[in-house]
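Let's start with one chain on its own, the form predicted alone, as structure tokens.
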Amino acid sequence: MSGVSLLAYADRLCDSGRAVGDLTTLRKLLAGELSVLTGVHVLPFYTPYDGDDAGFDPVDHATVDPRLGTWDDVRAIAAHTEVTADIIVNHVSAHSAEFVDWLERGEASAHDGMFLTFDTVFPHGATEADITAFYRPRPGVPFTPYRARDGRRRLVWTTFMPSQVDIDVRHRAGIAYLEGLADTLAAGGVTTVRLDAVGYAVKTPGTDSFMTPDTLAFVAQAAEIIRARGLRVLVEVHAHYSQQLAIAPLVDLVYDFALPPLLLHSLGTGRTDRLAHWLGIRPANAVTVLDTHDGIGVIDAGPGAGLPGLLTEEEMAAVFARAADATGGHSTLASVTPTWASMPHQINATFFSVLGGDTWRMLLARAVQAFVPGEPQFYYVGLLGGLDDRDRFAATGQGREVNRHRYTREELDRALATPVTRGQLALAALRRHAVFGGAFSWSQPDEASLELVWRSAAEGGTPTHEARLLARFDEPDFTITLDGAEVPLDG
């Protein structure tokens, strides 16, 4: 896909007179003020979109929440804009019809075997060492007790939240469930499917059960299911960068989650050596981001599994410390450290906040994102120059809510007029140029600078184009030229 896509919740971009957004409002924005964007990843719009985990705990994964619209509304967006949607691979809501039926009917349920229990993974029991070996992104152990109708107590795997019950993706009932979701998304006009939380989906005793060889085998199987329906596959995994390199050949797209912390490191230190090293080895089939609905990933650039990182542990800690300084300590308060981890795996803050609300530094980071190979994706809060929504955090107690502001129509209008948003939209317009389908090269003129260049090959008499970004990080500044003429970022 050429150009830049948007990452957004349908309910958090509101029209005049509405307290909650919907798919119709999102379609109007994409056809109007945001028409320069060429795609959209609509974060979970299934029933309900506002559950315990903001839609990532669907009760009915195959139905559009009627408060947001219908599948016809999704298809209306897809008629003009490429649409990405999630298949939440690892889990479903404990209130889903499938889980409720299984608790009610047990082995007589059509969904028997769909849900992962302690006994499924450990049929002969487990030791303390077996259980604590599992990697979990939240504090505590990954089990929740549920009582079936017959009185039997079941210990169900809940990797994320007690209300998000894990699916047994190796059981025929679990596979049939995923196949049905893929059918539904294909019929709904979706072109790319993101496999959410797939890194946790396969539990393998004796390992940490995160991105193991068994996980990779399942990723390949899931990709085959989705591609058979004519859809592209995007895998979402926060882990050591080597995992992205391993997954990239198996699917259509991975995320470049290492880019944001490396940019923050360069902006904080004035050095580009770490960033330059990543440019030499990163996968090209990547969706590039700065921040997302989950915050700013940092773990992806650090050491892990006994392997060195793109950043050292000390350099990662410095990224967190600078973010805390820029946010008055709030990012530390909002970020969660997983059990047995030394620091959070993400910064819960907006990217603009960790840059101290500095427009030029934000545009520098966006310019690098727009120039590296892959498919750039702008998160709606970052695009709109959003600062931390501390009121949402205070009201919900969820750290990630600082980066999930709900915009009124008036707030949208004000944001769209700001230099930070106009500049980002100008970058999105530039990224649609044919030169970005050409050949990419880069160089490091000195330890504080990077030069990124795209050149299109001449074909059939078409003149060659060149787009060039020269970025400096010690005294943050940059220039962009297209065919020798400087590109202004005034929207």
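What you are looking at is a predicted structure, and each value in this text was computed from that prediction instead of being measured. Note that residue numbering begins at 1 and tracks the sequence as displayed.
The form predicted in complex with a further copy of the same chain is left out here; the points below concern that form.
**Q** Given that a further copy of the same chain is not shown alongside this chain, does Asn285 nevertheless sit within 4.5 Å of it in the model of the complex, heavy atom to heavy atom?
**A** No, no contact at 4.5 Å.
**Q** Test of understanding: in the model of the complex, would Tyr146 fall inside 4.5 Å of a further copy of the same chain by heavy atoms?
**A** Looking in the model of the complex, residue contacts with a further copy of the same chain include Tyr146, since a heavy atom lies within 4.5 Å.
**Q** Report whether the minimum heavy atom distance between Ala341 and a further copy of the same chain in the model of the complex is within 4.5 Å.
**A** Yes.
**Q** Answer yes if any heavy atom of Asp119 is within 4.5 Å of a heavy atom of a further copy of the same chain in the model of the complex; otherwise answer no.
**A** Close contact exists here: in the model of the complex, Asp119 approaches a further copy of the same chain to within 4.5 Å, heavy atoms only.
**Q** Want to guess which of 365-373, 84-92, 408-416, 122-130 is within 4.5 Å of a further copy of the same chain in the model of the complex, heavy atoms only?
**A** That would be 122-130.
**Q** In the model of the complex, which of the listed residues (His330, Arg154, Arg229, Arg322) lies with a heavy atom within 4.5 Å of a further copy of the same chain?
**A** Residue within 4.5 Å of the partner: Arg154.
**Q** Here the chain is shown alone; which of Gly206, Pro308, Gly140, Gly397 has a heavy atom within 4.5 Å of a further copy of the same chain in the model of the complex?
**A** Here the answer is residue option Gly140.
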